[in-house]
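The chain below stands alone and is given in structure tokens; this is the form predicted alone.
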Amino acid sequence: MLTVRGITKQFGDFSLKNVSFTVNQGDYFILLGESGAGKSMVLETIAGLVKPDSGAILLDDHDITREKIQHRRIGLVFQDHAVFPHLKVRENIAYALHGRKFSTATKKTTVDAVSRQLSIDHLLDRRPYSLSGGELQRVALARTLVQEPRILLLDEPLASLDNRLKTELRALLRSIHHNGHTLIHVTHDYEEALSLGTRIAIMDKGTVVQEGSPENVLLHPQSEFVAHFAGLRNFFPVTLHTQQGQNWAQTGNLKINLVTEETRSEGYILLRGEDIILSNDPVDTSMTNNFQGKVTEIVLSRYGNEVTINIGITLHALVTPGSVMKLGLSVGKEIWAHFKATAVKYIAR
């Protein structure tokens, strides 16, 4: 277990302020926040690259705050990979074992095993300049994993990858996590947080403003900043079903039609409030999701009126003030909600 307790650090005009959280063995812990929130500085402090002005970092109740980097058994994978351009892939990975009292044969066996795990064993004799961004990221991961770290720190690992490579690397990170590794992953992308994280801490201006499970943090924001940053109101854990080429998500007794190429059955659906159409009566429409519910709240927002409807789940529609008047919306009124299958975004876990 890693405990970050009251870390403060002044760095020019920016400071970490009383940063505290706990990462349990086997967690996939996400530090989520906007650029400049201090997420990477927290990682560097845990890794030992930055010394805090005050506070403590404990690993299994042992204080490592002032311990040397090489004695922490914590691995950091940088956003820019930081591989050595003049070394082959095999040499880059093996470099992490320098100083260890391993035989040459043991080093080779260790490098080969991690390379196979990350599917880069065919790249071992290549040089970094010939690799893609996704391959470089795997090399950086392999170089860290050969050290057998207690905790793996990832600084924006998917930031520079295209969508296909992001999907591949997410699957790889899930596999690493399921193999028993504890990870702390920095990102500004809430989809990454939902797809990978078992716990989330949201940072703002150098401090942790909320921590908990993805569902609790994003469904129950405790501050205006968290609510604005997440921007998620229609966000539901579901089970994905596929039959005869049709996909639907099951949440409670509701079936919600959607379009996805994902095959993993456990995940979340996201739906923008502006993609929900309201009507007083059933309508003949090409939209395949049509639900009757009751208005429970109408709130004026900066973008219009947010209308909350109970359809078996709590749905939030964003409509204009004119639509509120035209439909005669009021709390307690029965209303129909419609949205397209293509408007529903599925995020696998």
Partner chain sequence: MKQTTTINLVFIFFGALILLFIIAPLLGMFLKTTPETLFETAREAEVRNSIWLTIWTSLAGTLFFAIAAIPLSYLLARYEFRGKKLVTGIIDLPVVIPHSAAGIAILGFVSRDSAIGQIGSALGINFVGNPAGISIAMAFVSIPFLINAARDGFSSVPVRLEKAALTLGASPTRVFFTISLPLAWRNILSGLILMFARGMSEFGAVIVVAYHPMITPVLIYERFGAFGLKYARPVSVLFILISLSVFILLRWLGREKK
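Just so it is clear, the model here is predicted, and its values are computed rather than measured. Positions refer to the first chain, counted from 1.
Although not depicted, the form predicted together with its partner chain is the subject of the following passage.
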- Message: For its partner chain, considered in the predicted complex: do all three of 49, 83 and 147 come within 4.5 Å of it, counting heavy atoms only?
- Response: yes
- Note on the structure: In this chain shown alone, the residue from 96, 256, 196, 120 with a heavy atom within 4.5 Å of its partner chain in the predicted complex is 96
- So which of 143, 233, 90, 181 reaches within 4.5 angstroms of its partner chain in the predicted complex, heavy atom to heavy atom? 143
- Task: Can you check 26-34, 308-316, 291-299, 66-74 and let me know which stretch has heavy atoms within 4.5 Å of its partner chain in the predicted complex?
- Result: 66-74
- Query: Heavy atom to heavy atom, is residue 102 within 4.5 Å of its partner chain in the predicted complex?
  - Reply: no
- For residue 78, is any heavy atom within 4.5 Å of its partner chain in the predicted complex, or not? yes
